[in-house]
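Below sits a lone chain in structure tokens, taken as the form predicted alone.
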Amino acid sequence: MKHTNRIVNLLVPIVSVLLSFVIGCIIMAALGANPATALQSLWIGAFGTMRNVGTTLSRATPLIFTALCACFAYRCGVFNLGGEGQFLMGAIVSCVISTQLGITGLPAIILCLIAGALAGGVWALIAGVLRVFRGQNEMIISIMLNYVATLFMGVIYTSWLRDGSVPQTVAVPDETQLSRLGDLRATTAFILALVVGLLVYYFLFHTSKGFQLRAVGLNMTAAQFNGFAVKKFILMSFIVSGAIAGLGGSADLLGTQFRLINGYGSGYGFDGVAMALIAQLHPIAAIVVAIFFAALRVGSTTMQAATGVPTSVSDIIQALVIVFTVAGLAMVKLPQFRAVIDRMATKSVQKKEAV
């Protein structure tokens, strides 16, 4: 039965993607475009050349970090919706260190990454402390902290570290920027994202502390009666998830963005939450989903140029994937649906035994 449930859970996002593309193709046909040509252009725009592959991986990198942030927190049963603010705080701290302290090269890169992770962790800890010791709703607090971080970044690039008359900060020195991966436009930030994803996966599913954290997420009351330090795990989940997002902000600033500007990081946090839910809170699956969404966003530009299909169709497909996946996962948890699946699994086993 357990094996059957895993198969069903795996099929939900796959079917959701297929349904979303079917509806997307219908919209393309209604707009007078050839869906096959449009999808081919979408693929070429995302993976057709090494340059396009690099662009896709580069766009996927911040999404991977924020998705992993959500995965880690949600596994502990807490709802950290502040990934965007934690991402921005990591980028802000890295910007200050790389442009104001006079340190360049590898020491500056290491210092920026560590400081960015610490900044993200501390920013997330605010919501964690208020949740644990004051009983406040962490979702509301973490969302509000997103706005605080965005406004604080605005003060940085429009006043304190403004670059002349332009509302942006000075660029990160060339010596402090992350190196590219060969001929790809992606940088070592993508490799760092993969490493973090693997570490999160190993911790959650192959260590005793990870098991305890997931146990707290499944049932906090039962975990507390069994002697688990629930409050400590909640605080740890906020700190680690915030540190992941902050590290992502630092890596993205040093590898792709290079300066703080208006609108930077907008939507990354909620995109990460959506991708984590589609991946069913599995770190490796979250990486795949992030690359998929990045491919849709990068390839949509080429699709529009080749077929005239607006990039908003790609946004519609992304939204449908989220809606269908969340609805599908909710449906498979219904007792009636589980009863049907169990009966089908039982009949299948009986037929095999009869043979």
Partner chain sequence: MISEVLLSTVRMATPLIFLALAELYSQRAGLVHIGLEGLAAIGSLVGFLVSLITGSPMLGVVAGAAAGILTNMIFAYATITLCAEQIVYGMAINIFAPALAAFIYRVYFGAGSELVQVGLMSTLSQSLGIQSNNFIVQLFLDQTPMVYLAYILVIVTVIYFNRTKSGLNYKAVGEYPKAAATLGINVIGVKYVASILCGALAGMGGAYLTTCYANTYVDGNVAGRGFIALAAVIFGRWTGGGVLLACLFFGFCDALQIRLQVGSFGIPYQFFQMIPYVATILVLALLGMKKSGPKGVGKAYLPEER
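As the structure is a computational prediction, the values presented were derived from the model and not from experiment. Numbering follows the first chain given and starts at 1.
Not pictured, yet referred to below: the form predicted in complex with its partner chain.
Q: Has each of Gln136, Val148 and Leu320 got a heavy atom lying within 4.5 angstroms of its partner chain in the predicted complex?
A: So, yes: the whole triplet contacts its partner chain.
Q: Go through Ile316, Met50, Ile44, Val288 and name the one with a heavy atom inside 4.5 Å of its partner chain in the predicted complex.
A: Partner contact (heavy atom, 4.5 Å) among the options: Ile316.
Q: Can you pick the one in Ile97, Leu113, Ile234, Leu81 that has a heavy atom within 4.5 Å of its partner chain in the predicted complex?
A: For this set of options, the contacting one is Leu81.
Q: Any of the heavy atoms of Thr158 lying within 4.5 Å of its partner chain in the predicted complex?
A: Heavy-atom contact with its partner chain at 4.5 Å: present for Thr158.
Q: Is Gln304 one of the residues lying within 4.5 Å of its partner chain in the predicted complex, judged by heavy atom distances?
A: Although its partner chain is absent here, Gln304 would touch it in the predicted complex, with heavy atoms inside 4.5 Å.
Q: Look up in the predicted complex whether Phe152 has a non-hydrogen atom within 4.5 angstroms of its partner chain, and give yes or no.
A: Because a heavy atom of Phe152 falls inside 4.5 Å of its partner chain in the predicted complex, the answer is yes.
Q: Could you tell me if Ala274 has a non-hydrogen atom within 4.5 Å of its partner chain in the predicted complex?
A: Because a heavy atom of Ala274 falls inside 4.5 Å of its partner chain in the predicted complex, the answer is yes.
Q: Given a 4.5 Å cut-off on heavy atoms, tell me which of 87 to 95, 238 to 246, 266 to 274, 169 to 177 is the interface stretch with its partner chain in the predicted complex.
A: The contacting stretch is 266 to 274.
Q: Within 4.5 Å of its partner chain in the predicted complex, counting any non-hydrogen atom, which residues from 26 to 63 show up?
A: Residues within 4.5 Å: Ile27, Leu31.
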